[in-house]
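Below sits a lone chain in structure tokens, taken as the form predicted alone.
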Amino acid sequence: MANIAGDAAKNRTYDAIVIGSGISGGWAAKELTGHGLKTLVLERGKDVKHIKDYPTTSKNPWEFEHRGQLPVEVKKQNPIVSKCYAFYEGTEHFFVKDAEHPYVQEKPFDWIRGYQVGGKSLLWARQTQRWSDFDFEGPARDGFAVDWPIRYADIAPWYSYVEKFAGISGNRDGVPQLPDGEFLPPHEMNCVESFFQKQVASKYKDRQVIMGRAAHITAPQPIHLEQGRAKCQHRTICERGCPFGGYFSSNASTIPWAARTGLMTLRPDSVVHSIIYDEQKGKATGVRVIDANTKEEMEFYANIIFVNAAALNTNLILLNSTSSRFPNGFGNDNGLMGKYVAFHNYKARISAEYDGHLDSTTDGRRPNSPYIPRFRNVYKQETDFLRGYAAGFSANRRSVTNQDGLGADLKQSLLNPSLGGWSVGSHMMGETIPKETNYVALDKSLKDPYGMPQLKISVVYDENDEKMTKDYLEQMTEMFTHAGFTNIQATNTDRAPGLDIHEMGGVRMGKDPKTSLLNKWNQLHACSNVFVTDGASMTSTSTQNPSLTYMALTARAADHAVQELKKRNI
């Protein structure tokens, strides 16, 4: 990996700069260096090298000072990030603590962040579903956002491209609203999950229960072995970092792949302040950076700039990049930057019990679970809310341990738990509607530790989300009842937005520069050598997880950028 030496401008000039090293930034680095471009990757957090910097990945529960639990004092100091399911003693070093990087909540928003090389690709839940034309055509059909400038056919080859490299497991299910992909062998359902699949199929022609599609290597292919990655070990402690590279992360896959070209310079601890615009040239020429350790300000230069700082930070950087040409933010000629932020609705969940299949149980662990693709408002508008929701589903046999007694009797009881009945559960993942009133902006007075304006977040659920939540609970209750599940507990958690960690928008794609910021190649309408390919570029959110789409859009945009550079169009 190259080192930065000297202070001459020529030593700080590259063919391309990538801001951010997470799931989309890693792909930008891989593709740009793969095309022979000398590329600088700027990461605001610390360096995290694959395997070497996973300090808890091989620890047993008893080796943690607090047996994996967070002390009360840590929770008190971090009331926001402590709400995240993946934040515990074995992972807290990969999360941003509440006091370290403050932001303004105009309305309650739990902003979960991971500032390090690899970003949140170390922490994600690894669900990787393609979007379909039901998603890309949805805004035009329903009128809830501007029309996407692309359709499924534009991105399908790039889905295949990234799936083969990343390693995605799944079945070819033939569900129209969830296109099949280039799959490795799927994980298996257990007997109760298969039972529920059959029960749903017997009653509903429009609903399917399928195995989740996940970024886990279930049968390594030569391309995965060449990356130094191996088969998933089903340890289910993925968020500590996987020394086997069993799941896809930037750290295990795209970043080292880019590094081995010899063309990537990775600079951690580099907080990007703004993008430099040259009015005479009419294009971006570089990036201003604050060294996180020394607070020194410096500039780096390049012909192409990819902004992949994660959705809300990408908005922050662009809004903070002002000039005579762009007084309201870089490329923000229409004043829409930061607006139409949307996310996923995870407010509802349901649980129940099942007394069947008591002659069977499960063995081992599985880093994945079944999935119910969206079935509402697919072919026609059939409810009083727009769009729809997907759902997770899982079943587990309960273990019952008698903790009464003392001495040898207690030891024997603890060592020989008995089996109880089955527990089943589901959570919803609904599409929220992009609205101008859901926005992020720069606070005019409050600064972060680097002198950057704090991000002001004003995002909230609306009536459409409440109607969708109610429908999910009603429909899942009906499906659970039909399956013979008992003690059904349907819950609206009423949690704040943000914990879904699927925030999207603010720099949306579109056909018209009057109503969007990016064109069909993820280029800023107003400055063609700046690309945005992370969640900020999303026009709408679909019901599916978005990470695979970020990867595909990034690979597609990088290829276009290189072709345009060769033609001297940018």
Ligand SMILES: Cc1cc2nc3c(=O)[nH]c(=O)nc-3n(C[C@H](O)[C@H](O)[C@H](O)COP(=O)(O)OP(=O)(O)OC[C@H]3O[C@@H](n4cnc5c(N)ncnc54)[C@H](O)[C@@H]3O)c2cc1C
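Counting begins at 1, following the sequence as shown. Just so it is clear, the structure is predicted and the values come from calculations on it, not from any experiment.
The same protein also has a form predicted together with this ligand, omitted here; what follows describes it.
In the model of the complex, this ligand sits within 4.5 Å of a heavy atom of G114. This ligand in the model of the complex comes within 4.5 Å of a heavy atom belonging to N545. Contact annotation: Y379 falls outside 4.5 Å of this ligand in the model of the complex, judged by heavy atom distances. Taking non-hydrogen atoms only, Q127 approaches this ligand to within 4.5 angstroms in the model of the complex.
Partner contacts here mean any heavy atom within 4.5 Å of this ligand in the model of the complex, and among 35 to 43, 520 to 528, 49 to 57, 63 to 71 they occur only in 35 to 43. Checked against this ligand in the model of the complex, the candidates V271, V146, V459, L455 yield a single residue with a heavy atom inside 4.5 Å, and that residue is V271. Applying a 4.5 Å heavy atom cutoff to this ligand in the model of the complex picks out N308, A309, A310 from 292 to 310, in order along the sequence.
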